[in-house]
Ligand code: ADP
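Only one chain comes next, encoded as structure tokens, the form predicted alone.
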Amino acid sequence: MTTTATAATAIVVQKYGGSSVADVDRIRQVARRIAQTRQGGVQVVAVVSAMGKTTDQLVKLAHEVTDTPDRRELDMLLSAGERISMALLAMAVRAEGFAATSLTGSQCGILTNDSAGNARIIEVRPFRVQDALAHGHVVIVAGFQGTSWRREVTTLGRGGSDTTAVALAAALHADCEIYSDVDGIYSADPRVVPAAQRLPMLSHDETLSLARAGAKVLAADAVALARMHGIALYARKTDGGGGETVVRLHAPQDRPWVSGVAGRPHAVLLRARDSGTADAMLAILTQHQVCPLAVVTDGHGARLLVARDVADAVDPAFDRAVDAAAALPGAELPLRGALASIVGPAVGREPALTAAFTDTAVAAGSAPQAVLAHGLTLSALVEPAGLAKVLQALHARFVEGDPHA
């Protein structure tokens, strides 16, 4: 049995991503894992994503109907993916001999604001979840969705199922396990950096910084919510292979100075000559639901770093926001490229780190257009074609090597 719930709580929230429920065989595998947990005397709330690439397929279908799908109707459409997963998994759990109840986001009491496509959870009222648990049922919840005060179906944006799981864990005072096709969080994307190492433990702040820099295992909003409520996260592989990464409020004192590297293929650095222009830029980005990765101010104005949440070369909403902000009086020409970052406690503490970071990127063949330190992150805007090589060099220098050297 693999569980972290204690006898005091006797409840664990388990989140299963799209790859974990991609087909019938994998759904049955998840049902067996849930059954094993229940056999250990622990109550289970399972949050599921849509099967495989269902969400992407639904988005593509919507854009085949119209170039500008209505956001409300798109939320209605996309929420169907998780509903399919939850119903099938509930059936599979019942086949394992345990009572199971499936609930949509609205049915399990997830209340959000009215921002279609990128809603934020305002409150969780888990009365139906608690009632089902009291009757001995496994509760299967459709992730990524909730309901607004207008009773409209809303979706939570990319990684929203992680956020659903953390919000329910907070409401139920439960532990939270995040299952995917990888056995934890790595110091880099192993597909880009073959020498990447699994990180056994991270702080919430490190994990949040890695997620914002481009790491894919945990959604940034979910990690931020976990930090707010002091919830430990356990990132594991669905089939039980390998180890895990435990994310807690504080990491051990002997943590390495640099935790890992991450990249984003499409980033823009907006530059404002004065604070008034910077405020106007922020207002435009907020209106278009674009959240800056960093806002750095100095005596010469401000710099706002933004990046696409998806790897697609075209994102009309993102591009409209950036173009509108860059067109403001007082805005300088924006810089565009890929984002290469290192994350760890050394950022802001090692005076020579920025120079070493820049030198490493230059030696890898990509002289940065700009370098920014923000929080636990040091980022460089580099040529997209050289991103992989830069990440490999940064990992070799700061993770595999000695960052103090």
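The first residue of the shown sequence is 1; numbering continues from there. Quick caveat, the model's predicted, so the values are computed rather than measured.
Although not depicted, the form predicted together with this ligand is the subject of the following passage.
- Put simply, of V217, A100, A119, C108 only one has a heavy atom within 4.5 Å of this ligand in the predicted bound form, and it is V217.
- A heavy atom within 4.5 Å of this ligand in the predicted bound form is found for one listed residue only; from R191, H300, R150, H250, this is R191.
- In the predicted bound form, at least one heavy atom of G184 sits within 4.5 Å of this ligand.
- When contacts are judged by a 4.5 Å heavy atom cut-off, S180 counts as touching this ligand in the predicted bound form.
- Although the partner is absent here, H395 lies well away from this ligand in the predicted bound form, with no heavy atom inside 4.5 Å.
- Within this chain, G18 lines the site of this ligand in the predicted bound form, having a heavy atom no more than 4.5 Å away.
- From the list 108 to 116, 322 to 330, 123 to 131, 208 to 216, the contact stretch for this ligand in the predicted bound form under a 4.5 Å heavy atom rule is 208 to 216.
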